[in-house]
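Below, in structure tokens: the form predicted alone, a single chain.
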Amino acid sequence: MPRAIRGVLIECEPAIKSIIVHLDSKNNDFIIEDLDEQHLVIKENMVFLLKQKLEERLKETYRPEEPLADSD
């Protein structure tokens, strides 16, 4: 008998989607359905955890730009 899973439609840029797919590739914890290059259906009860993991990953790769020194 089929079982229903509650999901949330996520729209994001392809770069962010690729990070989410990579995070999900280990245990298949997050993604219910990969719809197209900008849309995913995520398990409703995993949205908060996914946001946390995505923020951690983005902090690893994000380097704030240093202010440009005036060349006057």
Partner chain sequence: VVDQLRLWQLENERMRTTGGFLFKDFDTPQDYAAVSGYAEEIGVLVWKSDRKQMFFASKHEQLRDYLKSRKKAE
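Numbering follows the first chain given and starts at 1. What you see is a predicted model, and the numbers here were worked out from it, not measured in a lab.
There is another form of the same protein, the form predicted together with its partner chain; it is not shown, and what comes next is about it.
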Would residue 9 count as touching its partner chain in the predicted bound form under a 4.5 Å heavy atom rule?
-> yes
Classify residue 21 as contacting or not contacting its partner chain in the predicted bound form by the rule of any non-hydrogen atom within 4.5 angstroms, answering yes or no.
-> no
Determine whether any heavy atom of residue 29 comes within 4.5 Å of a heavy atom of its partner chain in the predicted bound form, and answer yes or no.
-> no
Does any residue in 18 to 56 get within 4.5 Å of its partner chain in the predicted bound form, counting heavy atoms only, and if so which ones?
-> 20, 33, 34, 35, 36, 39, 41, 51, 54, 55
